[in-house]
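Only one chain is shown below, in structure tokens, and it's the form predicted alone.
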């Protein structure tokens, strides 16, 4: 079994690398990093990939002949000098496009260039998966607070991308389950500035989220493709 995790050096990504290696000890696990170097003692095969670059993703895809699971755990919510917008007046075009590029376009480019290797062997007992870490705030129907324009819009675009991919691949890759996954508020650098108001018991460790994601993916089949799910399997409206 071959597994590829994009954004593997991030909080959730690194926990996913460790979890899939634990669940599938015989699997070949590959992971990518860009700015944060991976741990030296990791069992994964690491490569530096710029998810903002189609050429970088394309070149990385040529290293594989077959992949069973792909998980994109990368994401952008804030940078040093730009936090999520509280009002429309704070919207900055460059920051908006950076969100779209990393949160939505990267998944489309991964799907484009890894499509030909995302398949399973006839003897595999595990469903093939293409999953990406989304966020509940990307749900249009569930939006009741507003704000966070760049992040909300980019995650909504990601969700549409996942739905589109799932529809196309039902025809061309019917053995693949395509899923958008919401992790809840996770104790990572991405959420750190916003953890103060998280209710007790609702701030999850990356390890808990990784365990939930892998457990959920093991339960899903290709017939359940095209869903937006919480870490514990509840459906979220698009």
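Residue numbers count along the first chain shown, from 1. Computed from a prediction, not measured in an experiment: that's the story for all the values here.
From this point on, the text means the form predicted together with a small molecule, which you will not see here.
- Looking at residue 33, you'd find a heavy atom of it within 4.5 angstroms of the small molecule in the model of the complex.
- Residue contact check for residue 133: one or more of its heavy atoms lie within 4.5 Å of the small molecule in the model of the complex.
- With a 4.5 Å cutoff on heavy atoms, residue 102 counts as touching the small molecule in the model of the complex.
- None of the heavy atoms of residue 71 is located within 4.5 Å of the small molecule in the model of the complex.
- For the marked spot (155, 186 and 191), a heavy atom within 4.5 Å of the small molecule in the model of the complex is present in each of the three residues.
- None of 67, 177, 44, 49 but one reaches within 4.5 angstroms of the small molecule in the model of the complex through a heavy atom, and that residue is 49.
- None of 73-81, 163-171, 139-147, 87-95 except one has non-hydrogen atoms within 4.5 angstroms of the small molecule in the model of the complex; the exception is 73-81.
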